[in-house]
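Single chain ahead, written as structure tokens, the form predicted alone.
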């Protein structure tokens, strides 16, 4: 790996609560991820894998330790600064799609651009191009209720990529999809990783899905117990 990884976590701990209700969600996490990697994070429910993804995605802060993202220590950044980092560098894809039901596919994809100072005409053009790239040129003006699960996830991926992030984080992205559609989504991720160099981190409980990644990180009881293929 490169001497300056894109993602660098050192001694990261995450504690929720206090006293008798204290939960050590992560303990002494040390991790380096280079630009362009495709990594899967596996572990049983409650293992800490989603907590780790939230910290990597700047949705949460570590209780202790250091997180350096693209040579910037983001561990102690304020909410507004973290929001700027997320909007600029990180795209998110979730199991539940998280699309706004009253917005069309095009409207949903344009949302991140509202915070980037881009005008309406350019937002619409960029959104259209991204949806066309996802194979959804016939679905631009359909609402989520009018789309299949696979189409909804492609809209969510288009939204995640609209700001050209260097990192794409996907939390159980095939969990609500049938097997064939899930395979199509993973193929799309692989293409983004190989052809466009997007750093891809995928949280999953499915070993078959994880097998598509070049590197697999196993988490148990808040600790990394195995790191293979990196």
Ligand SMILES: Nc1ncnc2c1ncn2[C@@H]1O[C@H](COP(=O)(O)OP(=O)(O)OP(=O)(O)O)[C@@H](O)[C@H]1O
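Keep in mind the model is a prediction, meaning the values are calculated, not measured. Residue numbers count along the first chain shown, from 1.
What comes next is about the form predicted together with the ligand, which does not appear here.
The ligand in the predicted complex comes within 4.5 Å of a heavy atom belonging to residue 46. Taking the partner from the other structure, the ligand in the predicted complex has a heavy atom within 4.5 Å of a heavy atom of residue 205. Contact check for residue 25: a non-hydrogen atom falls within 4.5 Å of the ligand in the predicted complex. In the predicted complex, at least one heavy atom of residue 50 sits within 4.5 Å of a heavy atom of the ligand. The stretch from 38-46, 190-198, 176-184, 157-165 that comes within 4.5 Å of the ligand in the predicted complex, counting heavy atoms only, is 38-46.
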